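A single chain, nothing else alongside it, follows as structure tokens in the form predicted on its own.
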């Protein structure tokens, strides 16, 4: 615990602080920029882009070695990965637009072919004298052990530019994500905006290769937006909540990894993001499982209350135990099941409201109005007091059922 707190407070050493800061920045950029791809229902595009970076890493290494370098320049490797990622992105878009294949088929083809080429290139590099200790396999799952200050600067600058571009393009990307036809009718070039969405994802993928690897960066792009969706109904808020969740996952994951050096940073970051997703899945106030169960429980209680009161109004025995518990808890029946004075009054009102709704359906032929009746909504929330008084006059005054007053 002490090691974890030290890492959390950036006191576990220079490299640990550097990795934590870089991870937080990358997580924020990935969460924010991946939101619109998630809202556009194109999450798998990020997978294709990520796998398409591997051949670029291998080709860049070979080219730099051929030019007399050692091939390990991070900027050179990222530049190569950006070229093949952009090529893969354009191929997915071209195949989906120009052929009869669906987008998921295009993604599968590009993903598998580019990844296969990348693995072949890595195998070839291992046979080279300069490639035996290249460490390019770290681009698969990420590696932070040798992270330098300039690596953190690349992540910070690239992530900031990606977040800034996301902010500037948020309106057209939101419109295209939810209603591309309307966006086209409004004068937006949907294809270019789609490419901009995927370009942002490509940029974050490239700058995150060193930290979490091409396989795990997909999780950082998709899991935070999915998690953020549990907490709000507004697209504008999803972007920043997703960014915050991604930043928290990156920071906590790096701190956990620094406190236990045997644990790899990239996978731990993804596991923390998954943990935040599970917590949100259960605890989110509007869309979480716990909230849904609570709403169901409340609805069930309301149904049993109404059915029990109708049974009292009709002088029928209440056989359901849960119904009796509900009515007893509100003081509407005694332990022996006999209605209290408050219970008789409530039963009379429920029965009277049933009769009022019958009259309302006869008076109002508007299904949009009377169709709101679900047996649980109080009639006072649908009709005014004057309208209810008119219903009562057609009934000949309040008319309880079963002789209850």
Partner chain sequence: MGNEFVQFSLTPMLIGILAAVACALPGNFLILRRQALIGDAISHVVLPGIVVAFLVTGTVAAIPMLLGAAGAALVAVVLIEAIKRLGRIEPGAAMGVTFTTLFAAGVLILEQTDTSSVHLDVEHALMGNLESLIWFRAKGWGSLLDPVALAALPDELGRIAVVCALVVVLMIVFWRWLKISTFDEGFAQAVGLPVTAIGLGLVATAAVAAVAAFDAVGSIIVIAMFICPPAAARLVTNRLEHQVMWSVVFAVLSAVLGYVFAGYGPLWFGSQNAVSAAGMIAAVSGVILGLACLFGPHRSRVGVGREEVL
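Positions refer to the first chain, counted from 1. The shown structure was predicted, so the numbers you read here are calculated from the model rather than taken from an experiment.
Note that the form predicted in complex with its partner chain isn't included here; everything after this is about it.
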item: Option from 242-250, 76-84, 152-160, 260-268 whose residues, in the predicted complex, bring a heavy atom within 4.5 Å of its partner chain; value: 260-268
item: Any non-hydrogen atom of residue 72 within 4.5 angstroms of its partner chain in the predicted complex; value: no
item: Non-hydrogen atom contact residue 218 with its partner chain in the predicted complex at 4.5 angstroms; value: yes
item: Interface membership of residue 223, its partner chain in the predicted complex, 4.5 Å heavy atom rule; value: yes
item: Heavy atom of residue 100 within 4.5 Å of its partner chain in the predicted complex; value: yes
item: Candidate from 111, 326, 147, 89 lying within 4.5 Å of its partner chain in the predicted complex - any heavy atom; value: 111
item: In the predicted complex: members of 37-61 within 4.5 Å of its partner chain, any heavy atom; value: 38, 41, 42, 43, 44, 47, 51
